[in-house]
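Only one chain is included here, represented as structure tokens and corresponding to the form predicted on its own.
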């Protein structure tokens, strides 16, 4: 199912003009939301982040209530997969279009191997969230992220792990990262300029409810080599074990299974 500005169109007509700034400048924002039996998990959190991205990228007069209704409309037609929504700048800075579509489930490996790479385009802790308004907007400008993914793939890894100049672990090109040491779960802090991942936020909520112990922290890539276990998080990946980072290998900690089970329980509770 494909919608452009709320109107259903055929796949052939689901297009963005090449003259639009979203195409040749990457001037747009997006969200991807997972469907569970026709239900969009954590929709409120995705809409909240979408609004934040719109504000950061100066998209004005967006009717988020209508977008939310359209997201639910599309999702109601499918049992699984994802609903993706893009607000793309048009041919001028005042214009925009809203594109919504269903994506089939994406197959992911059961384990990942990650190659660490310096992310020169990311804030990496040089600025706090209070200093800059547009840190970590979820934009369509993912080219450098995908470049690092391709580089890692060429070197025999599943994906990349982005770090700053000092070697502080940030995130993956399209996912958050976490690690486990001494039976405690850690995720990087947002002042590093990483995306405010909805899945990461849900994991912290699960911790606040007492199901798990999760803390925000910073870790260097060299120290990450010595932790007990590493995992990744995203809308499509609820705690996937990372088998190897660079040349360091890990064992899958039992807490990763507990994270997965906690997400299943949270999804079922929200659906009900």
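Residue numbers count along the first chain shown, from 1. Given the structure is predicted, the values throughout are model-derived calculations rather than measurements.
The discussion below concerns the form predicted in complex with a small molecule, not included here.
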Is the small molecule in the model of the complex near all of 138, 173 and 197, within 4.5 Å of a heavy atom of each? yes
The small molecule in the model of the complex has a heavy atom of only one listed residue within 4.5 Å, and of 245, 67, 35, 233 that residue is 233
Only hit among 117, 158, 97, 145 for heavy atom within 4.5 Å of the small molecule in the model of the complex is 145
In the model of the complex, which of 127 to 135, 178 to 186, 100 to 108, 165 to 173 comes within 4.5 Å of the small molecule (heavy atoms)? 165 to 173
